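Quick setup: one chain, the form predicted on its own, written in structure tokens, and binding and motion questions come after.
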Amino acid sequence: MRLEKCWFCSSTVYPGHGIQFVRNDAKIFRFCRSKCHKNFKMKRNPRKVKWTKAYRRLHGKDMTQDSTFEFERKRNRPERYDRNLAENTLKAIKKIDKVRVDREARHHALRMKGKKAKEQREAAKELEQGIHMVKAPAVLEKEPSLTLPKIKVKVSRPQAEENHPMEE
């Protein structure tokens, strides 16, 4: 059973699934679903479409270089069937898959490392700006310790609007 890769999104195309397009120069393009085929016909670049594997790798969202990818490559050299070799290969596939999952989890954790601090800063800023919604203004006047330090914001108004009343 041969599993192909979708030309557009790099997902697996199983036998009997997807669409195959053969160009005039005999180049074969395989697509996993009509979404990929339509995007190909619209001449979209997979590296610029956010849901594709090419975009995710180009923008550092997926791992690009790893030794486990070497096992996924297609090999066209026929091998003589050997039961022990097939058994060892199936065991190795499970181990390699586990290693890949662990490395992807580590990659994801490194990517998200700075996100928690950023979210906390944004939440503190939002709370600072909307503290009146959390505590009543009367309570804030009584206990100044509840208020956060004030942020000074300069707002400029164009003078043309202030001088002329609205016309009906």
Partner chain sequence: MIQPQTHLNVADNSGARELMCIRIIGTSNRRYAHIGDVIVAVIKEVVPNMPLERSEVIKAVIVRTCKELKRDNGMIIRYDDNAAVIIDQEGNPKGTRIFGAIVRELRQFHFTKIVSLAPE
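Numbering follows the first chain given and starts at 1. No experiment lies behind these values; they were computed from the predicted model shown.
The same protein has a further form, the form predicted together with the partner chain, not shown here; the description that follows concerns it.
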(request) Only one of 26, 117, 123, 138 comes within 4.5 Å of the partner chain in the predicted complex by heavy atoms, so just point that one out. (result) 26
(request) Spell out, yes or no, whether the shortest heavy atom distance between residue 11 and the partner chain in the predicted complex is within 4.5 Å. (result) no
(message) My question is simply whether residue 37 lines the interface with the partner chain in the predicted complex - judged by any non-hydrogen atom within 4.5 Å.
(response) yes
